[in-house]
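Next up: just one chain, as structure tokens, the form predicted alone.
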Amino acid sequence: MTAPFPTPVADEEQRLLSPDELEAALRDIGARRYHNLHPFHRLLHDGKLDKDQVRAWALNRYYYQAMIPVKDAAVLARMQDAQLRRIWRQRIVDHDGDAPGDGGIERWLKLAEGVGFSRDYVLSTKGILSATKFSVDAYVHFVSEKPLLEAIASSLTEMFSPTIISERVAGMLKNYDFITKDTLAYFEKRLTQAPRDADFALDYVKQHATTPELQRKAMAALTFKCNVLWTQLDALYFAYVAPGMMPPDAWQPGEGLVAEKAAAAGGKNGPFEPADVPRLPRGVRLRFDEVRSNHVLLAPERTFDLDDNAVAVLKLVDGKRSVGDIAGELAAIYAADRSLIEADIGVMLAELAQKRVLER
């Protein structure tokens, strides 16, 4: 799943663009390549991901957030002009804060905690996809090694971030009952910080990209950064959305989470009650294994063997029938006591829910 459309250079290779034309060319790159167009973001913003897929996004994105001030420090160290340094170092303060408990990284940690992670697990960076680390580290290396103009130009994705932030906040608050305004507090600050940073970087690029070659390099740097963001979402999509594609280093649902409180989570613990409506989460399927001659539950990178009783129950789990409905049908089929069946399947479904292959 590569970023759409090739890098635009052909028409302008031999001509020096005016500052306004250069800005238009840079904005065109974002219009076609920025990661708000990625299928994973469309699923995220439209409420079509399950809770664990949203968690996977929050966890992996933390690595990018944590490395932003490292990237900015690499740029800062190469600036010879004190005025430039004074302006650029504000980016580091924005993310690191002026004191413990402050800054963008801290707010992202609160986002990760808001979806269920323990802080220590997030800070450990365990479970973050290798592809995520590779793409983020590549960005840090890029700004450390390329000329200052290209390093600054690569940050111009900030021009497009207010749009994606508005879409994300509105979509996630509307579609996920476990997301709150406090969870998404990180993005409130970015609505003012990102345009400020983008305006400075754009002015710098327009002033210093003074030849066709330098202008092409500035556009290529922005394209590279768009690819960095796009690649991170590729990794998430293929690990957590595409069936059977989860790599061995991926975060596994349930790992690194704190115990959820029933009231806070809007759900319940313990056995399923007759009124509860069980359903299989996204990516979990009941299938007959020809090799084993047995039904199994297929989850990303996991398989669960089932006994005959579990199969009989799960065949009736469709996200519409309640536990009581299922018990009633089974009682009629097997001429058994409905109340006993309700009690038995309530416990069985709760055990599957603890393994995160069933929801209510």
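It should be emphasised that the depicted structure is a prediction, and the values quoted were computed from it without experimental measurement. All residue numbers refer to positions in the sequence shown, first residue = 1.
There is also a form predicted in complex with a small molecule; it is not shown, and the following applies to it.
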Report yes if any heavy atom of residue 174 sits within 4.5 Å of a heavy atom of the small molecule in the model of the complex; otherwise report no. no
Given that the small molecule is not shown alongside this chain, does residue 132 nevertheless sit within 4.5 Å of it in the model of the complex, heavy atom to heavy atom? no
Could you confirm whether residue 95 comes within 4.5 Å of the small molecule in the model of the complex, counting heavy atoms only? yes
Can you tell me if residue 34 lies within 4.5 angstroms of the small molecule in the model of the complex, counting non-hydrogen atoms only? yes
For the chain shown here without its partner, which stretch in 182-190, 122-130, 109-117, 234-242 has non-hydrogen atoms within 4.5 angstroms of the small molecule in the model of the complex? 182-190
Which of 280, 164, 246, 209 has a heavy atom within 4.5 Å of the small molecule in the model of the complex? 164
Quick one: of 168, 85, 78, 141, which gets a non-hydrogen atom within 4.5 angstroms of the small molecule in the model of the complex? 168
